[in-house]
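Shown next are two forms of a single protein chain, provided one at a time as structure tokens under the names structure 1 and structure 2.
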Structure 1
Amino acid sequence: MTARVFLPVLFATTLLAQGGGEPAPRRGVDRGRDFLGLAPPADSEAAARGQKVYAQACSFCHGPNATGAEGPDLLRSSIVLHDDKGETIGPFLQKGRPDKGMPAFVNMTEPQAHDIAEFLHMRVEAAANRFGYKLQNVVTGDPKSGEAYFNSQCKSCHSSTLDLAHIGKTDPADLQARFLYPDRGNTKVSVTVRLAGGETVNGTLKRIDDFDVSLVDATGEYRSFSRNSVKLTIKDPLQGHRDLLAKYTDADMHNILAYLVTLK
């Protein structure tokens, strides 16, 4: 198996075309990777599909960019780094690690696991070479169509003149990442746990999986419950963004970005 190792910055920069800052023809990149015994680049189409599956199944614990949250940083995971096309990631997802709070994704298909693997490999390589390439213009959509989408889907929570005023001054690549995967930051998810006897416990959600839910209550006490014996009500201010992620078309994403960059 070819090692899943990633191009170092100095090697990556030598593959840039002279003067223009554009990447050299792909054949040169492939030659360099073959010479160093490196795995081929991640499949961008598979990675795009995997990004959506990852966002739904994994991002809550591992963060929207796989750099860790409640769960560990996957970009440093030996399972990810030694994987090739999902051959180690897939079985791991199927089995999970219930003892560590990670559920088994028994319904995860082999193609889905492959796509998640390609997304993670792309994230690892992007992190390894973050100074090697300059992202070119990503604003390619239609701002009028983006405004129409914003007014129909986003306006109930956001305002172009209030919370989003001047957001167009943000770097377009960062702006796109912000609306696709908003950082939880200080946003708190509230949860109400109703026990079998009728008692309710309210607090800030700290962790949830298929088996357990943990929270910090109003007194600051950390409490954990088995999901088999309770009923949950969760209020997540960012749930709307996660729901939209599975619905966006490529055109929607480009059009929304094209509109948002006009909000100077």
Structure 2
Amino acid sequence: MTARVFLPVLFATTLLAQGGGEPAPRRGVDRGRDFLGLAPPADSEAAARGQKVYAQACSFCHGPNATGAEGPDLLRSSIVLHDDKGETIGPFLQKGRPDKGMPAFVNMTEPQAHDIAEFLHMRVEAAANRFGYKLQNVVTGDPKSGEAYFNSQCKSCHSSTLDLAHIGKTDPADLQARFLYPDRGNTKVSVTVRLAGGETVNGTLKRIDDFDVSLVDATGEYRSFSRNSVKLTIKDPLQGHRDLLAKYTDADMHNILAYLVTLK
């Protein structure tokens, strides 16, 4: 049985079985699920679609695995943990908290919010699964087709015998996140801002949304500009990955993952 088990649920049931005390913390349980956490597994197709949207719209601030970067760790967010199918996350995204750096996604559709929710729930479970519970099989694709895709789309930047030679040792759920939207690590995005008067400012991108862009310039100074008064040139080493994101079909993603896990 692929039970949808959250660690806190196990603590709670253990306590109840011992017949005493307060139920343990209910993080995760409040998602409207059966108390024993045996509700159906997250919809993995929706989660894969959600991951694509997430990677483009959210990972820059919340990290590729949603464990936080400039923005907070979403796997501990009460908004995420109280959500079941996007009904809490959706309305939150529409409004954001612009005053606190969380942009409003006014054009986010309900199906997109639902898909993002499924992706985040899957990440929550994957994190709980580190403690010994196996995520359901995420590796369902065809490695041969994945290899063909790799040879045509990835080989210009990667090699299966050099930089990615042992990538298959990574946990499959992490690996999926890593190839869909690699961790920035030390790869910096450089940006050139051309002001209305023609002056240019170069630096490392710190933040960008529909309205503002901020960078740290060569002298280490933090500078912010309103986007409607400047022209931007952005050079991102991960642009190749962003372009691919728009192209993958669900089958491509499954096949690539199935191939990458063979690289051990």
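As the structure is a computational prediction, the values presented were derived from the model and not from experiment. Under this definition, the rigid core comprises the largest set of C-alpha atoms superposing within 1.5 Å between the forms. Numbering runs along the sequence of structure 1, starting at 1.
* Just one question: which structure is the form predicted together with heme C? -> Structure 2.
* Asked: Under a superposition restricted to the rigid core, does Ile79 display a Cα displacement of 2 angstroms or more between structures 1 and 2?
  -> Ile79: C-alpha displaced by less than 2 Å between structures 1 and 2.
* Asked: After a core superposition, would you say Met122 shifts its C-alpha by at least 2 Å between structures 1 and 2?
  -> No, the C-alpha position differs by under 2 Å between structures 1 and 2.
* Core-aligned C-alpha movement of Gly90 between structures 1 and 2 reaching 2 Å -> No.
* Cα shift between structures 1 and 2 at Glu147, which is computed once both forms share a superposed rigid core (Å) -> Reported C-alpha shift between structures 1 and 2: 5.0 Å at Glu147.
* Asked: What is the Cα shift of Cys157 between structures 1 and 2 once the core is superposed, in angstrom?
  -> Between its two positions, the C-alpha of Cys157 lies 2.9 Å apart after core fitting.
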